[in-house]
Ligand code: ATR
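Shown here is one chain on its own, the form predicted on its own, set out as structure tokens.
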């Protein structure tokens, strides 16, 4: 992709360790160009433990903001001047805006997930949702669902970790073990299943050992897998073959980027235009 840079162009980037695999520059530059913004989005490797130094460097070098991936989401939180409520609840920021020498932290992962979830047309109030995994991505997803009134069951191989996550919203979230018997039982009453684990991800050795819990889902249920490489995991294929509504995590990736861009520019953008431009750049338009 060709990007135009002028003397007035302000810089954005994504930081992480590693980060060179990130699709954020492709997504953001496509949206920036479609919206006619005087910005450019770069990829900036930052070594683990150097988040504080990077903050100073970004401010001095005139960055308008940046996105953060692993391992910086939690490290940056206490270094912010202001933090949005959802990011504070998650204990992690993935979007940092820099204005007047101050740092403003946000977490667009959960809101991006909810935005993409709208395509299913589900009513989240009271919806029994089974979330697989209890890591950082799961935390954002679970808290976003809980805010909308969903009843979330968090299944994790280490139940204690699921219990810790559920303490953040005990009235809405319940911890459970990650076993096929338990999944089959829970799926029978679930309207939505969200995979927040790495099972099925390209380049990893992990796969679901048993997908029979998919067969227990009601006919109107939906299955969302945060993984987008491959585009269709074994979980999504089994669910699609059953006739269930399915989605990978590419839409969440794009929508969290749209919401991050709004933080960078300090106001609303044409979301649909930005979203369409990002999908076209990714070859999904």
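Numbering follows the first chain given and starts at 1. All figures in this text were calculated on a predicted structure; none of them were measured in a lab.
Another form exists, predicted in complex with the ligand; not displayed. Remarks below refer to it.
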Within 4.5 angstroms, counting heavy atoms, which one of the listed stretches 99-107, 194-202, 120-128, 84-92 is next to the ligand in the model of the complex? 194-202
Should the three residues 134, 156 and 178 be counted as contacting the ligand in the model of the complex, with contact defined as a heavy atom within 4.5 Å for each? yes
Is there a non-hydrogen atom of residue 161 within 4.5 angstroms of a non-hydrogen atom of the ligand in the model of the complex? yes
